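Have a look below at one chain only, the form predicted alone, in structure tokens format.
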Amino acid sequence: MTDTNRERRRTRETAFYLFTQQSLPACKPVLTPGWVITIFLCMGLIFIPVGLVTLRASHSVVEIVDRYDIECVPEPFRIDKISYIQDDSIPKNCSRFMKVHKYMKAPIYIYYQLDNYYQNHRRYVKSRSDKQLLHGRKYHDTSSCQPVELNDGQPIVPCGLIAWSLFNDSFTFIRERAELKVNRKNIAWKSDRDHKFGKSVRPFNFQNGTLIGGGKLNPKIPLSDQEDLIVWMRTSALPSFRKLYGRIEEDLDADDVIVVNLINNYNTYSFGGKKKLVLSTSNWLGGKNDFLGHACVVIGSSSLILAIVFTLLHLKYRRPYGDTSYLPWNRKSLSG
């Protein structure tokens, strides 16, 4: 063995020894009272302004929320809402009025909100076939779509409970007897449209069974262009969620009254769910969400309080650093 190899081996053995003995060079900060107080003080001075700015941005978002699932059931049917929603012979048309209390600058986003709807249920989330959504009937292994896999021996495209339960309420908006145009393009993620739903895959044998779940799909339009379905297929993690329906690309003035003509098709009554219609503006923060601002203010305030408490304790019980007489075993020996 040459001297060079011996030197390399010795170096490796030395490095391994230092590693196993935890003796490698490392940064070992000493958290003195001054450093701890400074860190908490800086956190307070950073988080509180950030939280206040975030809250101001959230409060600048104008939002109108209207729950319509109960009011859109005729009075004689409110005793048995499930029979009403399942009876196709009864018209489901309904009109609602939404008053604009503050100027809303376009684009105004339209969301439908569902409460007490567990899209995160394990069987529900698994009941889909991503490869079928991309390749269509060419892909045959759709066992994950149970119990909505086949109908009369023919495959269902798209299969699974998620697609089967597609939201199918519809809305039109009227202001001063003129219908507001709703843009329903580009409401889904571009990555979903381009990479998860096939451009040549069209619905087949969908909602043709005896038990109809939700909305139907146009069999002539490829899945990549049916953005209602794409939005719905991106399941929510929480039981209360909003999904984008479209955009109004006109400004709404304060005191405007918007007449909403809707068709109340979707059944949330069988599981005690709620349906709401939401009109909202947006800003650099997104939609209305006070949680982030409140969280920052709470963290910043807590940090400032801790900094003040530690400062008072440090001033009252000042002692030299590294005094070994404060160690527990030394205290015992001194007391003995």
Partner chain sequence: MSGWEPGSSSLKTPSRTVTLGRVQPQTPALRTIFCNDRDSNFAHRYKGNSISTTKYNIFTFLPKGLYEQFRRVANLYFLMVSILSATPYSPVNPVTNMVPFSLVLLFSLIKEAFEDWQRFQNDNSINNTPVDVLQAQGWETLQWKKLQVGDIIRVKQDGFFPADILLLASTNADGVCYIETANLDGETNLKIRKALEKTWDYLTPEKACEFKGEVQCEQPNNSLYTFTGNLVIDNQTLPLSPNQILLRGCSLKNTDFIVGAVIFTGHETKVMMNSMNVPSKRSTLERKLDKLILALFSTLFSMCLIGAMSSGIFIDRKYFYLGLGETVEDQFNPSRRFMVIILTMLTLLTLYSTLIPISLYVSIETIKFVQSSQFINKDLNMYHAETNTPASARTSNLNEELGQVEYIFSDKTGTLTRNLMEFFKCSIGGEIYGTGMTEIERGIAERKGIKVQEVQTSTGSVREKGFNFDDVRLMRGAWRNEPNHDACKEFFRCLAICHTVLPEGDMSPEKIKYQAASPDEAALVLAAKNFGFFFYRRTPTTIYVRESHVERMGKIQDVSYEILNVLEFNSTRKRQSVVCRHPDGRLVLYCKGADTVIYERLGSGNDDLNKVTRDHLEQFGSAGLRTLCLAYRDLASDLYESWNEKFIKAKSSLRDREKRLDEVAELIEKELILIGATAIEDKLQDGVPSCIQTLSRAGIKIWVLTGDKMETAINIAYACNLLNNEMKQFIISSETDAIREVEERGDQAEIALFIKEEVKNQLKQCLDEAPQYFCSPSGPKLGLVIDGKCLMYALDPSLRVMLLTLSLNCASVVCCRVSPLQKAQVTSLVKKGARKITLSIGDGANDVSMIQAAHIGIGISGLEGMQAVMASDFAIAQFRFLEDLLLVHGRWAYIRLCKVVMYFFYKNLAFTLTQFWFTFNTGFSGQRFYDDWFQSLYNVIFTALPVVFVGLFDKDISPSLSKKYPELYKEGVRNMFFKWSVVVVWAFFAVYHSLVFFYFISASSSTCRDRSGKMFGLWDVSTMAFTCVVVTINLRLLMMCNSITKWHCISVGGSILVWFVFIFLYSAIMTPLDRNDNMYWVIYILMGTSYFYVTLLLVPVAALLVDFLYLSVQRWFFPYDYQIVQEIHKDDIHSTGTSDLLELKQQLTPDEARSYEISKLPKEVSKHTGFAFDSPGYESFFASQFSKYVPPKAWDVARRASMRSKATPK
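Numbering follows the first chain given and starts at 1. Being a predicted model, the structure only gives us computed values, none of them experimental.
Keep in mind that the form predicted together with its partner chain is missing from the display, and what follows is about it.
- In the predicted bound form, no residue of the candidate spot (Y68, G136 and L217) has a heavy atom lying within 4.5 Å of its partner chain.
- Contact with its partner chain in the predicted bound form, defined as any heavy atom within 4.5 Å, is confined among 201-209, 234-242, 93-101, 169-177 to 234-242.
- A heavy atom within 4.5 Å of its partner chain in the predicted bound form is found for exactly one of I64, L55, I48, L306: L306.
- Contact with its partner chain in the predicted bound form, defined as a heavy atom within 4.5 Å, holds for exactly one of H121, R78, H140, K181, namely H121.
- Although the partner is absent here, L150 is not a contact residue: none of its heavy atoms lies within 4.5 angstroms of its partner chain in the predicted bound form.
- Interface membership of D130, defined by any non-hydrogen atom within 4.5 Å of its partner chain in the predicted bound form, is confirmed.
- Using a 4.5 angstroms limit between non-hydrogen atoms, S165 touches its partner chain in the predicted bound form.
- In the predicted bound form, its partner chain sits within 4.5 Å of a heavy atom belonging to K126.
- Residues of 194-215 lying near its partner chain in the predicted bound form, listed in sequence order, are H195, K196, G213, the criterion being any heavy atom within 4.5 Å.
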